[in-house]
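Taking the form predicted alone, here's one chain by itself in structure tokens.
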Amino acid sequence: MTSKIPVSQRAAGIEYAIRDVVVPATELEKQGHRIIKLNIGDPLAYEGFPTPAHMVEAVESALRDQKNGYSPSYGVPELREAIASDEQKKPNGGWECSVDDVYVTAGVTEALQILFASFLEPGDKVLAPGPHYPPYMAYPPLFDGKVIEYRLKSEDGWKIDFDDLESKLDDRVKLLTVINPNNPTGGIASESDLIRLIEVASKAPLCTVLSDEIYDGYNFSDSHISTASLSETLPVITLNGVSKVFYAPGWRVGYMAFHDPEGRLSQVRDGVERLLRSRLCASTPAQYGFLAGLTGPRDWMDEYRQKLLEQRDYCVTRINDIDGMETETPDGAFYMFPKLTREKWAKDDKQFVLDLLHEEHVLLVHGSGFSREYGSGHVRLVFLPGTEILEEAFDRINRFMK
């Protein structure tokens, strides 16, 4: 008998809850069932949020002009300049970002892999909020690092539990992550909390703050502030891109921007640049599409934002009217993280998701997929679908709960 070739443990241990629940949903679709999908944060998966025409035209123009070759490994120069300018002009907290501080990547996920590879040695730690976006848990172990979750307080608008955070800080912490606005909760860290986070991180001698701001444009209370703008000495690396705010996730263009007032990251940046050169470049035509988004009109965002705001408020009302579920109103992103209040489901949120899927054909994501400790007893849903679809989804959820 021919023996099977084993998979590596690093690959076998990867979990990605958002897409893992798609597997049983796909089987139901093969059987002819229509699934209402509230599980994935892709604006293009729903009607009403197309990528703006001027950005699409810029990609088409780049293709026609044969801008199809390798771009510089750190990004198209004009795009890097536009990103630096955009960071300087952020409405709540611009900072002194130069073109040399910006590195363009194939989405934020590639930026994370490059940063973890550049920062981490065996036994080094990454502090990440719980709940969190799954790659923050999955990627560091690939580079021999450890992920330690710090608690976000579900009973207090998902604010940072600083007592918990400080108790987990030590000399092996290399990166302290803040996801702001947060995926999956939609919470936004206040200015005072970000200042305190920087103060706490400064106690670890080799710590850098990693500020994931990919949802910064989904800021319904106008309270989002760039973390880098608040730091006078501590290094802060900002992550952002075209996927969410500019409604082009499939283009896979993101960036990391280094705020390093005292030049402490020179060796890390050398490593980052070596890795960027070794993997060639992000998509060249798509970079020109992002450039058009940054330098072109943005009035279209007002219409999109208003639509999302109406859908958010509709979801909050419907969820809080369902016996067995409750939610806070998220201030940012396009997610909410309802709590399951019945003991049966609070102890097994994944079974809730699977039973709801099979009985009512509505797909959510189990909260424990975002943190076994701090996300359990919750579910994540996106409020990107139109009100008509959301109405049907909540009717089905309500029927299931009854």
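It should be emphasised that the depicted structure is a prediction, and the values quoted were computed from it without experimental measurement. One rule holds for the numbers: they count along the sequence shown, beginning at 1.
Beyond the structure shown, there is the form predicted together with another copy of the chain, which is absent from this document and is the topic of what follows.
Exactly one of the stretches 357-365, 344-352, 46-54, 370-378 approaches another copy of the chain in the predicted bound form with heavy atoms within 4.5 Å, and it is 46-54. Among the residues Tyr288, Phe220, Trp95, Phe143, the one placing a heavy atom within 4.5 Å of another copy of the chain in the predicted bound form is Phe143. None of Thr327, Ser118, Ser231, Ser154 but one reaches within 4.5 angstroms of another copy of the chain in the predicted bound form through a heavy atom, and that residue is Ser118. Of the heavy atoms in Arg277, some are within 4.5 Å of another copy of the chain in the predicted bound form.
In the predicted bound form, at least one heavy atom of Glu15 sits within 4.5 Å of a heavy atom of another copy of the chain. Pro338 falls outside the set of residues with a heavy atom inside 4.5 Å of another copy of the chain in the predicted bound form. Another copy of the chain is not shown here, but in the predicted bound form it comes within 4.5 Å of a heavy atom of Pro249. Contact check for Gln113, Glu262 and Ser266: all three have a heavy atom within 4.5 Å of another copy of the chain in the predicted bound form. Along 54-75, a non-hydrogen atom within 4.5 Å of another copy of the chain in the predicted bound form is carried by Val56, Val59, Glu60, Leu63, Arg64, Gln66, Asn68, Gly69, Tyr70, Ser71, Pro72, Ser73, in order along the sequence.
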